[in-house]
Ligand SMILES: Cc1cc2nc3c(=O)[nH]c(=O)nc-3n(C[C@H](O)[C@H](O)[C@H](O)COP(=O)(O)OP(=O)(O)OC[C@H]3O[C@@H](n4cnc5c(N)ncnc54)[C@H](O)[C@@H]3O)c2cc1C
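Take a look at this single chain, the form predicted alone, given in structure tokens.
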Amino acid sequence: MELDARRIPDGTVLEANICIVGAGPAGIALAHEFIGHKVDVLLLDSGGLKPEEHVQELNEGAVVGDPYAGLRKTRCRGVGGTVCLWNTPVGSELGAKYVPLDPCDLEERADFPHGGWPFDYSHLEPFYQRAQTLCGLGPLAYEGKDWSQGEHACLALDGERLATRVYQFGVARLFTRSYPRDVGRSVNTCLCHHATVYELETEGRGRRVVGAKLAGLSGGQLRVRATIFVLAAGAIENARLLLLSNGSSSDALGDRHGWVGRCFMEHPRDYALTLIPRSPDLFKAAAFYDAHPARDGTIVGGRVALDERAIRTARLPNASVTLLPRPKMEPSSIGVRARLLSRLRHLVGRQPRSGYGWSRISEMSRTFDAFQLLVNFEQRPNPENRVALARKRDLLGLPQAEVHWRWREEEQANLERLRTVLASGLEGAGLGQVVVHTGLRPDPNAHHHAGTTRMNADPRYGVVDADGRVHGTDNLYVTGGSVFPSAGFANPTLTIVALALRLADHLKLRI
């Protein structure tokens, strides 16, 4: 069933066994798992079936600290959530890169305060395998050797520090059209859009959530009653909803130990390294590191990864390097750039926005002179980076979210060490000279929000337990990137979907 909250009479009470707040990848994957089951599921989203600009005004919020793109630009209300912002060409469509976390990302490490997940990679692996299928990807295989073939072969890298691994590429429409349509057509699942949840109602001193209050921009008021509630509205909004909802006494829900909103993380991107090839033949030899279809049709793209031994021994942040060829800067460089963009537009059907497609350019050695290295790396959790409630209010009269975010000196020092290891590893492999622009600060705007309702088996150090249940409650769960204790370097969607599938299995045993 599909409902538009704008057309539901004011004061209506909607009922379900499970109420899911947020129809991004987490909420959609969770609801999709219940199609055909004897469980009534209500999936709510603040926006519509397509992004609507006036609804995005509810995403406005403040940023305190260092420069950041802002809360409106880096997220999207509407069915599909931030998938609606994906801009990586995948064939003739738009999509994004997928990759799982590395085993070391889930481990507790002495040099990594507040990191460590309540389970290891082997526990999460079967859910990753299921997530691969739901996301329309190939097998759970991300080593370069699994995909190296013919003209798309891995480079010989410094095996002690660097390795070749891959991203897989998936299309956005699965989460913006296909799966929402499935949920809306099923007898036991309901997709209700234009329904903004602004408060959770509790009883028993916050022990149990008994309802959710909904509001529309036109002023209508609705309520939801359900047996189980799940927040899947993203790292900013999940924390904000808990802070807006009182639990015991004056404390926000799940905030007995002060962790709600803490440890907000992004995925900074660094552009300080440039690889000057030893030979112009490197551009052709590196074709594996561009997005390309494998034999089974899976679209993959090679990346330079840190070996996990180097991460542990050198105490480095996890990272991944994408090779982006740099057009030659010559008097005719404007013409070169124009021809490059024209060729890529012809190949992918639109102007590229992520740098992929370069290996299909003829005469690459005459077009490019270097590789700009795009380094995606992890930001470690810091309780001072957090989501709080602002004084300014939104269109519904509620406090906006306020993100406190700073890039600290110790993080810059870790980045400089990472740059040194990457540069020496690439030069040691004989690929060429790496020019390092030291002192440059990274770009924090990957739009990969994580943390804020972190997972920990001990309520003194987290907001939710290993199943995603909010500590101190019986029937309130959180899923999505907000529960990540650490985020690695990886694009978060595959892990978000895997955790949603894991939560679905848990809830099927409860209902």
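The model shown is predicted, which means the values in this text are computed figures rather than measured ones. The first residue of the shown sequence is 1; numbering continues from there.
Omitted here: the form predicted in complex with the named molecule. The next part is about that form.
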| item | value |
| --- | --- |
| Single option in V166, A195, L242, C263 placed near the named molecule in the model of the complex, where near means a heavy atom within 4.5 Å | A195 |
| Selected contact from G78, G138, P325, G301, since only one has a non-hydrogen atom within 4.5 angstroms of the named molecule in the model of the complex | G78 |
| Segment assignment from 367-375, 143-151, 270-278, 70-78: heavy atom within 4.5 Å of the named molecule in the model of the complex | 70-78 |
| Non-hydrogen atom within 4.5 Å of the named molecule in the model of the complex for each of A310, S424 and Q433 | no |
| Partner contact for T176 in the model of the complex: the named molecule, 4.5 angstroms, heavy atom | no |
| Close approach of F283 to the named molecule in the model of the complex, 4.5 Å, heavy atom | no |
| Contact label in the model of the complex: W86 to the named molecule, heavy atom within 4.5 Å | yes |
| Residue contact check: V224 to the named molecule in the model of the complex, 4.5 Å heavy atom | no |
| Sequence-ordered residues of 94-113 touching the named molecule in the model of the complex, heavy atom within 4.5 Å | A96, K97 |
